[in-house]
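Taking the form predicted alone, here's one chain by itself in structure tokens.
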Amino acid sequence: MTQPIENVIIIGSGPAGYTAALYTARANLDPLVIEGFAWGGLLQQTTEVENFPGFPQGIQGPALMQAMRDQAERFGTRFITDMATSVELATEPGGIHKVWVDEDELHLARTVILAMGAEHKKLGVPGEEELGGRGVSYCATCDAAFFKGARTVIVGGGDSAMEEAIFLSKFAERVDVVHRRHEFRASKIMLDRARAIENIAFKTPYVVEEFVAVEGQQLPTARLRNVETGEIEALENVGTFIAIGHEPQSAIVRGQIDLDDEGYVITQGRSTRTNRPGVFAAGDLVDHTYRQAITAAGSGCQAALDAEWYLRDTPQVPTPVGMPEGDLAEAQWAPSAE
């Protein structure tokens, strides 16, 4: 039995992966999505989403991801709910890329779209996982409106933490920035902006020890420890935003795809092209700055179009040595319709 060659394999899911799947499916490219076990990305861990266009009353994160997945499936997208474990990416235009699932299941493709996303770095303290979405959050831009008039905490000391604190201060009664050192990694301009806001305060040098759900409290208690004195302080009924960075899920392509110092995939100009021909990247895997569902979806659309144009314009290489003739399936390309 000959090994089929896919036109497009999409590694990852979430808004970027599912949008790429929708666009390539509508272009008659019959995409295969290796979506992972935790399909749907970070929005599967989110409750109410109020800033995704088209849902005036908001929508639950898992429901939005299910709808996007269903829409891609409607046009012929196929899914493997498993992890891509390794890749061997071609170096020449028209070459065939290899993607393994569970070490021994090989898939071949003319193009690959990388959409593995980035994970929020977590504190790893008791109560964090259990109270995620119920008082513990990782995105003030996404969730600040739910904490209007509440006392809140930002954990972190970099520019991202200051940006989150400044945004959150428009909604919350008070914002305490908790950091383990007296000095901050944030740039002076961002730190000065945060310090100039009346309802932002700074608690140093403290770390969060645990989050505790308390009966009768709408929000959890955050227990803090002073790293110099060991003193414990409990901040009751607070919403906490953890802003200690992100980890792009790029390990599978390290050594083959160009990454920056933080592990984000580097793309060429305003495109989604990577340094390997026929390999494209989208979503939070490439995005240091915005990290929103709508921007991820937009870049998934770009990746799909880039892959579509690559398939249209790039001739296939000859059949690889040792592979039976006829294995390189003709790409079924047709212009997409809006």
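Just so you know, these numbers come straight off a predicted model, no measurement behind them. One rule holds for the numbers: they count along the sequence shown, beginning at 1.
In what follows, reference is made to the form predicted together with a small molecule, a form of this protein that is not presented.
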Considering the small molecule in the predicted bound form, find the one stretch among 134-142, 73-81, 87-95, 177-185 with heavy atoms no farther than 4.5 Å from it.
177-185
Though only this chain appears here, would Glu105 touch the small molecule in the predicted bound form if you measure heavy atom gaps against 4.5 Å?
no
Evaluate Met190 for contact with the small molecule in the predicted bound form, applying a 4.5 angstroms cut-off between non-hydrogen atoms, and reply yes or no.
yes
Does the small molecule come within 4.5 Å of any heavy atom of Gly158 in the predicted bound form?
yes
I'd like to know whether Arg26 contacts the small molecule in the predicted bound form, with contact meaning heavy atoms within 4.5 angstroms.
no
Using heavy atoms only and a 4.5 Å cut-off, decide whether all three of Leu123, Glu163 and Arg291 touch the small molecule in the predicted bound form.
yes
If the cut-off is 4.5 angstroms on heavy atoms, which of these, Leu168, Val265, Val112, Ala243, is the one near the small molecule in the predicted bound form?
Ala243
